[in-house]
Structure formats: C-alpha cells, structure tokens
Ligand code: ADP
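Read the single chain below, which is given as structure tokens and is the form predicted on its own.
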C-alpha cells in the first residue's frame, strides 16, 4: 500500500453499530432536549430517525414521506420505479423525475472521479451472482465476460431529465441511494429549524449538528472479522459515517471461498483487492456512500489515488491481513476497542 505511515498505539475497526444516538436531557432549553424518534422499513433496510426540538415530530413525518417517495423512484427491483423503467427501456430515452436525474448525474460524476471503481452499470453482473435474489452462484467465466460488454457508465446519456441507456445495459443506484436519502432527510430537518438530529439508515449514519447537550455524537464501527462486535467509537457532528464491507452480504462457494456483493467492474467478480471494510466520514452522505464502495473496489494498490482526490473526507480501511489504516484528521475522534494494530496514514 503506497501510503506514508505513522505508527501509533491506538487500535480500531469498522462497519456500523449505532450507539449513543439518544441525547440525555441536559440542555437548558427543555424544548430543544425533547427527542422524537421514528422507525421506518424501506430500501430493504430498517431505519431509525431521531430529531430533537419542538418541530421534531413534524420533521419526521415529512422525512418518512420523503424516504418512501425516493424508494418508489430509485428501486431497481420494483416494477413501478423509474430505475426499473430505465432498465427495461430497450435503448429508448426515458423521462424521469428531478430526483432520479439528479442522483444519476451525481453517481456518474462519482464514477468518473473514482476512475470507474464505482460503476452504476454493473447491475446485471450483480444479478448473475445472485445477490439481488439470494439465489447465489458462481457464474461461468464466458457469461461474466458477456455481461461485462455492457458495463460502462460513460455510455449512460443524461440530457436534463431524459436518460438513455444502451440496449441490454442496466443501472442500480444502491451504492448512492441511502447516502442521498440521508442528505435529503437532514435538509428536511433544517427546514423545520431542527438543530440536532441523527439518522441510521441501515448502517449509514448521518448526524445534524451536535447532541442537545453540546457534546458530539458517538457512532460505533463494527469489526469486519467479528461483525457482532464493535471495534471503535467515532465522535462526530454534522457528518456522515458510511461503511462498505465484505461481511454485509456474501456467500461461501462450493470452492470454499467467500464471495461478497461488491462487484469489481474491471473483471465482474466480487472485489478482492486487499480490503475487507472501508468507512468514509464527511459532510455529504451521497459522496461518502459512493466512496465507500469505490475505495473498497480500488483496494490497497489504487485507493490512495482516489483518496487524494477527496481531501475533505476521512477514511478508515481494514485490510484482509487484519490491519487498520485511518486518516490523520480523525485520530483524536475515535476510541479504539479492538485488538488489531492500527496506523495513521497520510495521503500524498
């Protein structure tokens, strides 16, 4: 790995278990300290939203509506969604909503900025491996090569709200949809003058401001080798913390090898480039979401190039030889509770 390494005595780890999401009522303003919570099942995941203050309940009502609206537009598996219509358009242009067009535009930008390590057109390959249905299998090499001929994000044509996919190409926004949704939820919170809120969208954690008592939120990150165990606790405010890992969805093949759901667009196989987990911390949920997938795919050899393009974001990566690397700016913001060695990295 081509990083400049500074060794320290701290130890850390990665994914998400959500902790300390509920602030104690220590604020001098009782209205601000009142918490409102909402549980929502959408986008195939359980979500928990917490907002503080007098307008918290109204904000949660609108946030829930927004989540369900985005799910209806962005799902790749619902036959009534705009993504489904695009994926079955037979090469014809499709007019979509502002949400869908905007998010596809953001996703294509991230595909370009990550040198194709993120590619939203890899969806047919993902399906071939059975990750969309649970009918897992190891495809034959000729079949993967056939599907890869239609994997190329640069062939997606976006003209305003009109989108055209080449015949036999399909897209999936799973690598950016929850991050975008988190961003939208926090915008709703701000519109109701909510100053303190935190949302957990199935592991994607995004915080608005600080806790009502003025302290930072605490978010636990899971051990990719023991996913039931937390490895470190990060302290954050006004930030997203999003992880991709090989322990989230995977199967063990007849060959005894572990295959995860994150597909490498370069060869059509589950990414196996040296990382088992990647966490990204930053202001934009959609960028963190995209980067967690892209850096995972890039692996030890190519990730520094991507990280250097996103200097405003921080990273925690866990290698397959059980070592942890994290960017220097967050060194004071996490508490290690793991047994793995950790090293601070400086991206040149």
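Source: prediction; values computed, not measured. Residue numbers count along the first chain shown, from 1.
The next section is about a form of this same protein that is not shown, the form predicted in complex with adenosine-5'-diphosphate.
Undergrad: Given that the partner is absent here, does residue 261 sit within 4.5 Å of adenosine-5'-diphosphate in the predicted bound form, heavy atoms only?
TA: Flag for residue 261 set to yes.
Undergrad: Might residue 157 be said to contact adenosine-5'-diphosphate in the predicted bound form, defining contact as any heavy atom within 4.5 Å?
TA: So residue 157 does not count as contacting adenosine-5'-diphosphate.
Undergrad: Should residue 243 be counted as a contact of adenosine-5'-diphosphate in the predicted bound form, where contact means heavy atoms within 4.5 Å?
TA: Looking in the predicted bound form, residue contacts with adenosine-5'-diphosphate include residue 243, since a heavy atom lies within 4.5 Å.
Undergrad: Residue-level question: is residue 276 within 4.5 Å of adenosine-5'-diphosphate in the predicted bound form, judged on heavy atoms?
TA: Outside the cut-off, so no.
Undergrad: Which one, 74, 118, 231, 186, lies within 4.5 Å of adenosine-5'-diphosphate in the predicted bound form by heavy atoms?
TA: Residue within 4.5 Å of the partner: 118.
Undergrad: Taking adenosine-5'-diphosphate in the predicted bound form as the reference, which of 83, 207, 104, 175 has a non-hydrogen atom within 4.5 Å?
TA: When adenosine-5'-diphosphate is considered in the predicted bound form, the option within 4.5 Å is 175.
Undergrad: Using heavy atoms only and a 4.5 Å cut-off, decide whether all three of 122, 289 and 297 touch adenosine-5'-diphosphate in the predicted bound form.
TA: Contact check passed for all of 122, 289 and 297.
Undergrad: Want to guess which of 175-183, 188-196, 136-144, 222-230 is within 4.5 Å of adenosine-5'-diphosphate in the predicted bound form, heavy atoms only?
TA: Comparing against adenosine-5'-diphosphate in the predicted bound form, the contact stretch is 175-183.
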